[in-house]
Each structure stands twice: as structure tokens, then as C-alpha cells.
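Below, in C-alpha cells: the form predicted alone, a single chain.
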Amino acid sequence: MMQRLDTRRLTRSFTPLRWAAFAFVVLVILAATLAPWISPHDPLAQDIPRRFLPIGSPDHLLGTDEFGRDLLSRLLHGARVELVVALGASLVAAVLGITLGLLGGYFGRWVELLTMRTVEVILAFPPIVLALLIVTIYGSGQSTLIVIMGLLFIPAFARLTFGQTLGVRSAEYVEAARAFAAPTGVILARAILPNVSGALIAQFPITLANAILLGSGLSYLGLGITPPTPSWGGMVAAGQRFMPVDPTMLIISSIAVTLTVLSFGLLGDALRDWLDPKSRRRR
């Protein structure tokens, strides 16, 4: 059955840098969750006479943008939007990818051919190109982004689950479940999935990081979150246009995207070393 979590391995896996990444992830999640209550201003409220205020201005800690909107409020609400989209996409990818990987790895033969070939079809297209194509056809918006990115990140979970399932489908506890005529669904959900969950849990924050990066990229190109809804990618695009006038918005939003993506990636690495010790031995 699933290995007990080793606290000593936890301390070895979480280096000071990874603990800092974990703290930053918690900070971003809290800021996004509490954005409606801690934002000093309405992120959509315009004040044209007070546009391009510098950092540290009275009543506007991070300044204002080209429409006089408070940058701190837009940054907080943008974090909320980015995390909702990334989390939704990652959940869609995890559910579908894990299902395909379990079925293909357990049954093999034509089921493996069907499921893994489906995954390879998705991998055949560059993610950003496929996302641009679908968004152009169906339009932008949060729901569209969640579905698109969820489909694009299915291979990450499907291939990982498939490989892990191949390694345990002949284990003694799986054979014992078959001997007692346990239903296939029970074997997959209670015998196999718990024993491959460590690697899958570690994959989730890495997928979140990729989803934030891709979602921000689409918003930067004008094909993601529709303005005036705040998004980090949209703030980067607007900041680039007005960089000669005031580079504040570009710098702040770029730092937010970079640190968040990096922190989720480091957290995923730490969880992989903690929950899936085999990965450490392979490296």
C-alpha cells in the first residue's frame, strides 16, 4: 500500500529556497482569495487626472495605470483571475489525464493504443499554437481558457499515470484484489491510484505554473482574459505599450508572473522529491 510519509525526507526535500517558494505560493493564494476585501480600490475604477502616479503615491501604494486605476488592486484581482483559470485547467487536465493513464496502463493492448495515441495527438501540436487557434475560433474568456488549457495539459498527467500504473499493475496487492473478484473500478481507485498518487500530486503545482504562464501569454496577446477584467498578462501588454512613459506596470506585473511561476515549479520539485523518492534516485 501507499508508503508512509517520511518527515526526515521532507526536511531533505524542502531546501531554504523551496521553503521560500512555498511561502510565496501561500502568499499569492491568500492575496488572490482575499482580493475583494483587501484591495484598497475598485480595480475597474478610472481616474484619468491621476494616471501614471509613481510608486508610493498617497492612497496608491504601487501607483496607477494609463486610466488612473490602482495598480495594487489590479494586481491582487489579477492574481485571483490567473489562479482561478490555472486551477480550473489543472483540475480538468488531472481528471482526464489520470483517467486515460490508468485505463491505458491497466488494460494495455487496444485500450493502451486508444488512450496513448489520443495523448500523442495532443502532443503533436505546439500548445501555444493550438491555444491560439481554438481561442480565435471560439473566443476568449475564463471558461474558454480553462477548457483549452485543460485539454493541452492532459498529456502531462496521462503519460505520468500510465508509466506509474505499468509499474504497479502486477503488484501483489493488485493481484490479490483480482483474486477476490474486486470490480475493475475498485482496483483502479483503491489499489492502484493511491500508490501512484505521489508523483501525480507533485505534477499538479508544475501544471499550475505552466497554466499561469500560458494563460498570461494568451492575455498578453489579447486572446485570454477580456479587458477591462484585470489579468497579469494584460497588465504586461499595457505596461509594454506605455513603458517609455511609466515602466512601473510592466515591471510589477512581470515580476508577479515570474515569481509565481518559479515558485510553483520549485514547490512541484520539492513535492516530487518528498512523495516520489524514486525520482530522486533516477536523477
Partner chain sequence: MVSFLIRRIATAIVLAWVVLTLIFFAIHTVPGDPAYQLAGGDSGFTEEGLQQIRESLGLDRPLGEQYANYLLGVLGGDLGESFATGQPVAQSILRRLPATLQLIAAAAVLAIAAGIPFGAWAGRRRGMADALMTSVTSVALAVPVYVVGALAVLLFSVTWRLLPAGGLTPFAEDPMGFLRGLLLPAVTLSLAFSAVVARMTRTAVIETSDRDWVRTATSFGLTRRRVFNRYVLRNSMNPVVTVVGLEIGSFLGASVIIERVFNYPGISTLLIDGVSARDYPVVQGVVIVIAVLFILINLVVDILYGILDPRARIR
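Every value quoted in this text rests on a predicted model; they were computed, and no experiment measured them. Positions refer to the first chain, counted from 1.
If you look for the form predicted in complex with the partner chain, you will not find it shown, but the lines that follow are about it.
K.L.:
Quick check for you: of 210 to 218, 57 to 65, 35 to 43, 22 to 30, which stretch puts a non-hydrogen atom within 4.5 Å of the partner chain in the predicted bound form?
P.N.:
Going through the listed ranges, the match is 210 to 218.
K.L.:
Since exactly one of G108, G141, G167, P126 fits, which has a heavy atom within 4.5 Å of the partner chain in the predicted bound form?
P.N.:
None of the others qualify; the residue that does is P126.
K.L.:
Look at the candidate spot formed by T11, V95 and I98 and say whether the partner chain comes within 4.5 Å of a heavy atom in all three of them in the predicted bound form.
P.N.:
Not a single listed residue reaches the partner chain in the predicted bound form, so no.
K.L.:
With the cut-off set at 4.5 Å between non-hydrogen atoms, does L114 touch the partner chain in the predicted bound form?
P.N.:
Contact check for L114: no, nothing within 4.5 Å of the partner chain in the predicted bound form.
K.L.:
Indicate whether L275 is a 4.5 Å heavy atom neighbour of the partner chain in the predicted bound form.
P.N.:
No.
K.L.:
With the cut-off set at 4.5 Å between non-hydrogen atoms, does G233 touch the partner chain in the predicted bound form?
P.N.:
Taking the distances in the predicted bound form, the answer for G233 is yes, it comes within 4.5 Å of the partner chain.
K.L.:
Within a 4.5 Å heavy atom cut-off, is V257 in contact with the partner chain in the predicted bound form?
P.N.:
Close contact exists here: in the predicted bound form, V257 approaches the partner chain to within 4.5 Å, heavy atoms only.
K.L.:
Listed by sequence position, which residues of 132 to 168 have a non-hydrogen atom within 4.5 angstroms of the partner chain in the predicted bound form?
P.N.:
L132, L133, V135, T136, I137, Y138, G139 sit within 4.5 Å of the partner.
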